[in-house]
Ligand SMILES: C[S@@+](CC[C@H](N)C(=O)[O-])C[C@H]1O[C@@H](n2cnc3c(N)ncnc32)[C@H](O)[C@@H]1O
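Read the single chain below, which is given as structure tokens and is the form predicted on its own.
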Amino acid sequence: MGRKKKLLKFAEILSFSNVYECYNVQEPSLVGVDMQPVDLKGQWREKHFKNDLPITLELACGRGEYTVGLARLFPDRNFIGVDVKGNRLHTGAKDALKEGLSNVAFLRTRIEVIDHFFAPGEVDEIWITFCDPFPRSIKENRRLTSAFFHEKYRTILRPGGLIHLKHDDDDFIKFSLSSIAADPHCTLLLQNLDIYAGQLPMQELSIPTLYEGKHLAAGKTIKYLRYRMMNDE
């Protein structure tokens, strides 16, 4: 993408009522439309969604295809796509606005500081779809199913909240299974190492994305894990 096109997207996204951005992870805070400061921690339902429905996050959501797809399937839930790239979020945010999907929002931030933007127990479920697997072992802590991130999720998820992982990378799935098994707060509920080998276990898995299409065209299998996360109580 050319620099000019990126700049146009960055400028346009500042007018989107469904996008919030964090510009400094050293001092995490959010701005909304026209760079106006906003505090949504513990108040996403009240201040943004104007309802009391459950909240689902999609982490590393990219262009937001899955976030928007989930919102279409489940109008009785709220969905927030999270990614660090504003030019990616632009696509999903614009689509949601065009379709009038009031149950969709997007948060541009690094996921390392996700706990600064949600109160304990504010999130009901988390989806992780085709995130960067960080294949080099020296970057294990950057993998979204590492112990570091599990601690973040446990802070913001309600007790017993679900985490869904959909991915193509064998090593990342193996790492995730080991991470789940090593975490006393996690319980693996479902493991499917080729979701298209039979009937899909849930309709959410049918949502197509650009990356999934590429993986399938390359002959890769798509895996799915579902696990529950408890707190210390």
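Position 1 is the first residue in the sequence shown; the rest follow in order. Given the structure is predicted, the values throughout are model-derived calculations rather than measurements.
Although it is not shown, the form predicted in complex with the named molecule is what the next lines describe.
The partner is not drawn, yet in the predicted complex one stretch among 93-101, 108-116, 155-163, 70-78 has residues with heavy atoms inside 4.5 Å of the named molecule: 108-116. At least one heavy atom of Thr209 is located within 4.5 Å of the named molecule in the predicted complex. Contact check for Lys85: a heavy atom falls within 4.5 Å of the named molecule in the predicted complex.
Interface membership of Asp132, defined by any non-hydrogen atom within 4.5 Å of the named molecule in the predicted complex, is confirmed.
Looking at Ala60, you'd find a heavy atom of it within 4.5 angstroms of the named molecule in the predicted complex.
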